[in-house]
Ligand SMILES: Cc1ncc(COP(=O)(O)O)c(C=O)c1O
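Here's a solo chain for you in C-alpha cells, the form predicted alone.
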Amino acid sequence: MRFSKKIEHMGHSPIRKFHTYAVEAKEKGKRIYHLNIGQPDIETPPVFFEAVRQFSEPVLEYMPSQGIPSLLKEIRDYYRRIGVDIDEKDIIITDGGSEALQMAFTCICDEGDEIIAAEPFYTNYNGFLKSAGGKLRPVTTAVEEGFHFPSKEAIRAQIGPRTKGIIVTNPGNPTGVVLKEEEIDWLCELAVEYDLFLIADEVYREFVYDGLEMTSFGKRRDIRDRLIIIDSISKRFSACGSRVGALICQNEELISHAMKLAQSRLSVPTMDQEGAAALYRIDPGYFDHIKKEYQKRRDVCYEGLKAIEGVICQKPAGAFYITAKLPVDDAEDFLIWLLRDFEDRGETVMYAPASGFYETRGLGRQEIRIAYVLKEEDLRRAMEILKKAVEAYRAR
C-alpha cells in the first residue's frame, strides 16, 4: 500500500516527539519542569465556563459554518477597539488558529507554491503548508540580532516565481520578537510590489512588554486586499483546550473560498463558541495583570540564562518564549540526557530543541526554546537546574 507524498514529506512534531523520554523519566520518579510547550498556567477566565453552563437550548444543533452570530459580533467589536475596522462578513470562526492557518494555505497554494517565513518559525507552519501542497521558503534570522529580519533585501531575495505569500508571527513564536515598524513597512511594501498575500499570525498580540506597543497589520490600509489575520483564544485567554480561532480577511474572494472549507467541515463546536464569545467581552484591563506576570517570568528566565556561561540570547519583547543558544553541540542530545541521565534532587527540566523550528538543514542545533508558562518560583528552580545541567554536561 502507498501513501501520499504530502503526508510522507510531513514530519512529526519536533516539540512533542520527546514525550516518550519524559514519560520514562516520570516513571522513575523524576519531577520535570515543563518549559517545552506553550500551555499557560494562568486560569481561564470563569466567564467561559459560566457561558457554557448557561446554555439552555434543548437540542445541540449544527451552527452556521461561518460561526455563531454572537461570537462574530464580539470579535468584530474587539478588533474595532484596537483600531482595526472589520465587519462580521470578514470573519470565519475556525477550529483553533490551526484550522485558520490550514484554510489560508489551502486557499492560496497550489502544489509546489512557496510561502516565505522568518526562521526560526512556529514549527506547525511547515506541517500545515505541506499538507496544502506548498513549501516554506525561509529568511534566516540570528539569535545575536534578536531574531529580527536582517534587511528588506534579505526578504526580497527569497521571493521567486512560485511565491504566493509571506507569513509572520508577531509577537513571535518561538523567539518572542516584536517586529519593528520598519520591518512591517518592508513586508507590506514587498507584498504589494510582488502581489503576495500577507498572513499575520497575531495570537500573542496582548503580550508585549517593557512599555512597547505592537502594531497590528490590520491597521495597514495599503494591504487590506491581501491581508489574512490569524486569531485564537488559546493564548490570549489561556483557553488552549477550547479550540476556537478565526480567519479574518477583507478580501471577499478569499473569504468565499475559505467558506467552502468551513462548510465541508460543517461547524465549530457550539459550546466552545459560546464560551469564546464571553471571553471577547472581557474588559481589556484583564490583560494588565497578565502582562505584568509574564514580564516577571520572562525576566526570571532571561536572567537565569544569562547566568549560564556561554549562553547567547537577547531579551524578547513579547509572547512567552525565549530562544537561546546553549554551549552544547546538540540541544536534542542534551535534552535526552537531561531526561534520562540527569537529575538534581530528583528534578530535571524539559525544553523544545530549536532545530525543528528551522527549515534550513543544520541550523538551530545548539538552540532551545523555553516557554515561560510556569509560576515564578518554579521558573527560578528550572533555571537553577538548567545551569547545573549545562555545567555537568560540559564537564563529562
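Numbering starts at 1 and runs along the sequence shown. In this text, all values refer to a predicted model and were calculated from it rather than measured experimentally.
Missing here is the form predicted together with the named molecule; even so, the following discussion is about that form.
Establish, in the model of the complex, whether F334, E367 and K388 all lie within 4.5 Å of the named molecule, using non-hydrogen atoms for the distance. Answer is no for this spot.
Might G96 be said to contact the named molecule in the model of the complex, defining contact as any heavy atom within 4.5 Å? Taking the distances in the model of the complex, the answer for G96 is yes, it comes within 4.5 Å of the named molecule.
Contact flag, K315 vs the named molecule in the model of the complex, heavy atom cut 4.5 Å: Close contact is absent here: in the model of the complex, K315 is far from the named molecule, nothing within 4.5 Å, heavy atoms only.
Can you work out whether K235 and the named molecule are in contact in the model of the complex, taking contact to mean some heavy atom pair no more than 4.5 Å apart? Yes, K235 is a contact residue.
Quick one: is Q250 in contact with the named molecule in the model of the complex, heavy atoms, 4.5 Å cut-off? Q250: no contact with the named molecule in the model of the complex.
So the named molecule isn't shown here. In the model of the complex, which residue out of Y209, F217, F197, Y125 has a non-hydrogen atom within 4.5 Å of it? By the 4.5 Å heavy-atom cutoff, the listed residue in contact is Y125.
Taking 4.5 Å between heavy atoms as the contact cutoff, choose which of K130, R243, H257, R156 touches the named molecule in the model of the complex. Among K130, R243, H257, R156, a heavy atom within 4.5 Å of the named molecule in the model of the complex occurs only for R243.
One stretch from 73-81, 156-164, 235-243, 139-147 that, in the model of the complex, holds residues within 4.5 Å of the named molecule by heavy atom: Going through the listed ranges, the match is 235-243.
Just give me the residues of 152-189, first to last, that have a heavy atom within 4.5 Å of the named molecule in the model of the complex. Stretch hits, in order: T169, N173.
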